[in-house]
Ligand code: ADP
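This document opens with one chain alone, in structure tokens, the form predicted on its own.
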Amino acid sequence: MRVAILTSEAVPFAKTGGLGDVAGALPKALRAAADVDASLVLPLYEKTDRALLRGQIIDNLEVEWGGHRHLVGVWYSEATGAPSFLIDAPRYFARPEIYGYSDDHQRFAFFSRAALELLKRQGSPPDVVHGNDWQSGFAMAELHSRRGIDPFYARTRTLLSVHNLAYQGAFDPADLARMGFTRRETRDAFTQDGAAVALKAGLMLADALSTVSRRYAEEIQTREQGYGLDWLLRMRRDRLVGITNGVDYEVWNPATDPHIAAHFGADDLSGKRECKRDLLRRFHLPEELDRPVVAIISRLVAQKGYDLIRQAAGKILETGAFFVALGAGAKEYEDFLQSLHDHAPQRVGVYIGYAGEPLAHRIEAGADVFLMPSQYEPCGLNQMYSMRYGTVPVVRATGGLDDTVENFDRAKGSGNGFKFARYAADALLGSVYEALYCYAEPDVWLRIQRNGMRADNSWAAAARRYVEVYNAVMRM
């Protein structure tokens, strides 16, 4: 089975969020767990480390676009553990950031066109083109149109994965014709409330749909979390599946992690204490190793529950815990974290910005409790990283957080974290208090840590589930 995965970002080439982690890990997992000939296609960005590239393999890929012929280059890499092809189109991608430009829709529509032309240069057609998020909606629409006129793609099927329904890629419908989408059926697939919406076209025209957890697949069919597309997802629910993301345990493994101060595992957690010491030093906090460290790593946006964090932070500090935060985003939340640090510099450690992967690994390894009080969370990865590192998650029961975190049951000794349902600061605090109460009992806390560390959230199971979906799509 040949599968081409199209994505706007992938670790280690470029990342802004969970999509980058997933796209970077899935091709390798497919090849290892299911013997799938999986490859990755993404843009070459200005910020991509050229040391990750083996070399340019194509310098004259011809792309018809906007009535003109463009020649672009293609670079090759195996830095993900699978063949990766990076489209070198400086006009669209030689920019400081991955997203955030007024022509983003044109940039990723061009990428989709170039990716499909690249696949035609690689021999036999892919059985499945697996797109991700709104940036791949253009490829889903174009393949739907091409199958009837291009013999190369006649038998290729498509899967679109939704990582966050809130980001939809809306733009002026007048641009559709300039991007080559002239057929009435295709234009109608894009149109939503007077705008052209790339994600809607992908959801409408892909052969099958997936999202990144079972719970989120249900939630996005509701008006509350459907962002105006719930009707379409309900209409296509027989083509929609939820597959919980996995964790790359070659990268996130406290027994081998090169970024942390000491290695440890479920059978011997002594190294975690040294990681805690290292974390406190890095944030210039007192080395009081018996005091719990409550941590959060996330984009500083409302979706991640920062309104609740802002309301609850004072009460958390009153417990005597340290509070450590890493992230960047909305200025109001950045200002809040800075003021919290200024108020209690001996209890609060803050890093505003994107510090890269090493600091995130050190926080996961050194913290005791990890907060994820999200309004919604399609899947979430940090709760699974945390469990692997013996850091107990406190999460809101939504999306993938609800699927992967099991509330601790003292009577049974089962469970790997603490969950609350109501989106409210007092509900968050209730779970934090419960976690810290257990932290004060070392034997109980060790049981929760080991329950989480021994949970199997690897990519192997997720990869097998994707293969089931690919097989089903190919039979359509």
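From 1 onward, residues are counted along the sequence shown. This structure is a prediction, so every number in the text was calculated from the model and none was measured.
One more form of this protein should be noted, the form predicted in complex with adenosine-5'-diphosphate, which is absent from this view; the next part is about it.
J.: Tell me which of 142-150, 339-347, 373-381, 277-285 has residues with heavy atoms within 4.5 angstroms of adenosine-5'-diphosphate in the model of the complex?
T.: Careful reading of the contacts points to 373-381.
J.: Could you tell me which one of A208, A217, I297, V247 places a heavy atom within 4.5 Å of adenosine-5'-diphosphate in the model of the complex?
T.: If I apply the 4.5 Å criterion carefully, the residue I get is I297.
J.: Between F190, F138, W252, Y306, only one gets a heavy atom within 4.5 angstroms of adenosine-5'-diphosphate in the model of the complex; which residue is that?
T.: Contact check passes for W252.
J.: Non-hydrogen atoms within 4.5 angstroms of adenosine-5'-diphosphate in the model of the complex: do G66, F110 and A115 all have one?
T.: Not one of the three qualifies.
J.: Taking adenosine-5'-diphosphate as it sits in the model of the complex, is G242 in contact with it (heavy atom to heavy atom, 4.5 Å or less)?
T.: Taking the distances in the model of the complex, the answer for G242 is no, it never comes within 4.5 Å of adenosine-5'-diphosphate.
J.: May I ask you to check whether G180 falls inside a 4.5 Å heavy atom distance of adenosine-5'-diphosphate in the model of the complex?
T.: Taking the distances in the model of the complex, the answer for G180 is no, it never comes within 4.5 Å of adenosine-5'-diphosphate.
J.: I'd like to know whether M235 contacts adenosine-5'-diphosphate in the model of the complex, with contact meaning heavy atoms within 4.5 angstroms.
T.: M235: no contact with adenosine-5'-diphosphate in the model of the complex.
J.: At 4.5 Å between heavy atoms, is Y385 in contact with adenosine-5'-diphosphate in the model of the complex?
T.: Answer yes; at least one heavy atom of Y385 falls within 4.5 Å of adenosine-5'-diphosphate in the model of the complex.
J.: Under the 4.5 Å heavy atom criterion, name the residues of 163-182 that approach adenosine-5'-diphosphate in the model of the complex, in sequence order.
T.: Nothing in this stretch is in contact.
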